[in-house]
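Given next, in structure tokens, is a single chain: the form predicted alone.
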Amino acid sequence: MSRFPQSTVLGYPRIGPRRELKRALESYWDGTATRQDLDRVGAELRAATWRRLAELGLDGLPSNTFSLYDQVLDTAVLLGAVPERYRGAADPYFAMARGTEGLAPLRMTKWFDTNYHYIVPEIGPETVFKLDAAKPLAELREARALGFETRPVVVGPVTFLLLAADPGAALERLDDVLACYEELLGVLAAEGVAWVQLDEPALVQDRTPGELAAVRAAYDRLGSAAARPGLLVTAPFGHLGEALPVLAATPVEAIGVDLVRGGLDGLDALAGKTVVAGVVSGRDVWRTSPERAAHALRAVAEHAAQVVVGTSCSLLHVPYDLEAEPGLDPALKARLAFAEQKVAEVVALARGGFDGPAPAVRPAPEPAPVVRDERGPYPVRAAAQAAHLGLPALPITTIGSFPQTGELRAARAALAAGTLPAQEYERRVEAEIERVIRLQERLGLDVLVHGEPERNDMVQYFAEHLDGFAVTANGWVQSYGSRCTRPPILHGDVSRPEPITVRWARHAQSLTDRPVKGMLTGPVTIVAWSFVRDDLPLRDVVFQVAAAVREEVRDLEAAGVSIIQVDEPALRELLPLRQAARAGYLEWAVAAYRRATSGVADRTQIHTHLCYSDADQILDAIDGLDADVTTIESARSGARILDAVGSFGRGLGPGVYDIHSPRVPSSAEVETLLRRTLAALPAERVWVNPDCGLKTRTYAQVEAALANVAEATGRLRAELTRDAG
């Protein structure tokens, strides 16, 4: 078996340096481009990636890390795990990802503790597995045609099954799945492939004895296959813990370990293995300390048969190139590394050896004590809010954003370029706010939003108005499918120099007699969706942001805004992957939210929102936020949250409309979900709302969907009135 290359990365960004794939996808979806056009753009991006990685001097190039939507969905297609209802669709792949007019998509949730979303596989006793290796083979051959030998990358069998909608039932199909992986290894061996990478991030979480037995069985079997390439099994996002000796005892030749988040414990288990040492972080944008990296590499070298310098995880989670950011402050820029710079760091470490002084060890600063702010009792608040707001039963609202039109984006770009006067830009924003208000009034919504036309992103917008942040021009990172964000860089102490949202909220409220929500992003989410300084405890950074949000909440209340929504969709996302650390995190995360929201009068109603992150796992913590109303994703996940909300003590709006799909739900679908909600919760605590904000949809889709939501709600309100009579 050939020796593993000396330097590699576990994956690379795939959306394109200028979001070329995003534009190609959306053109294909709206019918202005063909599938051939989309595939051509994909091939161009893959070729550019391999060429650039080779130019930077990287020895081991990965393939099959590109995806038109999601690598977990790709793995389902690879294994033939396509539910029967999608097989007749014109494009089954995108039908699973996005749905069609008559077919809901598969569930979507967060990839471990990242802001990347994956499509949840459906695996059951009826699933028929059949290998379809067309994609990895095509990419392998594309690379060879360009002169590059690559290492195909596939989600590992154990992680794939544990990520399924019912992981317990899915893991029972391990033998059938392993048969496909064995066949894949044989196909790749026949192609002359030297190494295959199987990603197993699920192994850095707490695993049961039965699950660890599945790990041993899987890699004993794959490692014993008669015809196969060398096996690299990677475990990003943390320490392998109890899975490390289990995996190391199997015949796999190479193991990739995350030495940034995982640390150096237990390395003696790696004796005799090739170790891909993840010393360059794929989760942040800070330069790698050569001393710390060399120290870790020397520690691995004491045990491993071969040490390969690599990244801690795929570089999918960072932007492409720091050189595309000429506007960043030079002093800050000197501290940063994006994907290209991280590849250069990997290459330099591999070529320079592991010599050098040991890193200086500085004591970590003590985190600030957790103080939990309190509001008055909920029944007192609820009575004051009911008297003040006068809302009907089953009040209808939306989550905040309305469609971001091309005209809005063009106006924002023109303002930034200096070609549109600020006064004209503000006039256009005010006109869009009025359009959104009038639409909601016409549709019969009860609590309105201003639509957020002035905002580019729910985190970046606040970062642009807070001290301590920097924002990028081209620092795009994929969130899901064609959706990208530009995570801000939180590099200093955070403060709010002046009000951020008050002007727009006041203007919106002046246009209507119905209550308009003030819309803010919560402190945990602002920090989770930023690249965060690493010289302070994370909770101290979150509390700095919470203090800034608290000032904004108070100013909104003083401006006459009676309902203020402070979203925390990342509350579940930041939950530590290991159980032992979760209680401590939830304690300070909940306290930070309460710090941000507890300084208002009883009659001011506080809302929060969570989406696409298995919120049923932390329902007690969500309850602890003490928001008066919580809106939460439910439609896309089949309303499974309703099984857990019986004890929830305040207003709750499980979503009745999946906004991440272009399909418009019928009023009958909405009514069915509402009836399920009313079976789980008393009517006086139920709110009606979509799963998430409407930014990514068109006005035609939004208007049709919200009309159906209002129609279904009207029927149920009439029923409630009759029953009360």
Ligand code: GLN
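Keep in mind it's a predicted model, so treat the numbers as computed, not measured. Residue numbers here begin at 1 and follow the sequence given. The term rigid core refers to the maximal set of C-alpha atoms that superpose within 1.5 Å between the two forms.
The following text describes the form predicted in complex with this ligand, which does not appear among the structures shown.
Using a 4.5 angstroms limit between non-hydrogen atoms, residue 611 touches this ligand in the model of the complex. At a distance threshold of 4.5 angstroms between non-hydrogen atoms, residue 466 is out of contact with this ligand in the model of the complex. Contact check for residue 688: no non-hydrogen atom falls within 4.5 Å of this ligand in the model of the complex. Residue 569 belongs to the set of residues with a heavy atom inside 4.5 Å of this ligand in the model of the complex. This chain appears without its partner; in the model of the complex, the one residue of 400, 229, 157, 453 with a heavy atom within 4.5 Å of this ligand is 400. With the partner removed from view, the residue among 42, 62, 665, 693 that has a non-hydrogen atom within 4.5 Å of this ligand in the model of the complex turns out to be 693. Contact with this ligand in the model of the complex, defined as any heavy atom within 4.5 Å, is confined among 278-286, 409-417, 561-569, 123-131 to 561-569.
Shown here without this ligand, the chain has no residue in 238-264 lying with a heavy atom within 4.5 Å of that partner in the model of the complex.
Core-superposed comparison between the shown form and the other one: the CA of residue 453 exceeds or equals a 2 Å shift. Relative to the superposed rigid core, the position of the CA of residue 569 differs between the shown form and the other one by 2 Å or more.
Relative to the superposed core, residue 70 shifts its CA atom by less than 2 Å between the shown form and the other one.
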